[in-house]
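To begin, one chain is listed below as structure tokens, in the form predicted alone.
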């Protein structure tokens, strides 16, 4: 189970202020806390910096790598910012994201070929957000074939079925779960990932929905999440669910996390 810590994102007010003030200590502490809580990869996103995004991405990648040894997920709608982050990154990075939209594909696939990162691939093409399980399966074929042709092995591909807010349509939760199951069945060697909190957007007590949805996703075949690792009940449920799903031999990960105080009932 792969956990991508989502908190270094300039859409969050405190992070935006830290970036504007070049508050290195705040960003580094946030990175360290996420790793200590169980994050395997740290997402860095400064998309609200606009004209300064390339420079800010360089700064973020440099200062986060000073204090954590885990890889970073370079996260931006800008191909130039992705390139900047990948060039500064030590070792194999992850990128968020590529899609089958022609403009996005053409901008990002050269970076994929050059840097060979782990790739989050959104199940979306020029037709827009997927409206069904079949839409996701159709687009995923295109993505997987294109990434394989670019030299990316199956183990480094993370399909994102695109989770839509439950508050917009009460069927979006089941649509997502059915899509995860279908992708897992069709591509057992490919990873599935999602931004967990998308499901709860606009609804009260969002963390409760996120936690319940995570367990349901895991049982359908999701094996990576972009989430808040500082949500201790969420991380505790994740470790427990992985063990209960038979993915933690002798429950060693669960026991270790419990003994270290990382998780708690």
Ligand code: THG
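Quick caveat, the model's predicted, so the values are computed rather than measured. Residue numbers count along the first chain shown, from 1.
Omitted from view is the form predicted in complex with (6S)-5,6,7,8-tetrahydrofolate (THG), to which the following refers.
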| query | finding |
| --- | --- |
| Segment that reaches (6S)-5,6,7,8-tetrahydrofolate (THG) in the model of the complex - one of 197 to 205, 32 to 40, 51 to 59, 211 to 219, heavy atoms within 4.5 Å | 197 to 205 |
| All of 6, 11 and 226 within 4.5 Å of (6S)-5,6,7,8-tetrahydrofolate (THG) in the model of the complex, heavy atom check | yes |
| In the model of the complex, residue 122 touching (6S)-5,6,7,8-tetrahydrofolate (THG) (heavy atom, 4.5 Å) | yes |
| 4.5 Å heavy atom contact, residue 192 to (6S)-5,6,7,8-tetrahydrofolate (THG) in the model of the complex | no |
| Distance check, residue 179 to (6S)-5,6,7,8-tetrahydrofolate (THG) in the model of the complex, heavy atom within 4.5 Å | no |
| In the model of the complex, residue 96 touching (6S)-5,6,7,8-tetrahydrofolate (THG) (heavy atom, 4.5 Å) | yes |
| Stretch 135 to 160 - residues with a heavy atom within 4.5 Å of (6S)-5,6,7,8-tetrahydrofolate (THG) in the model of the complex | 160 |
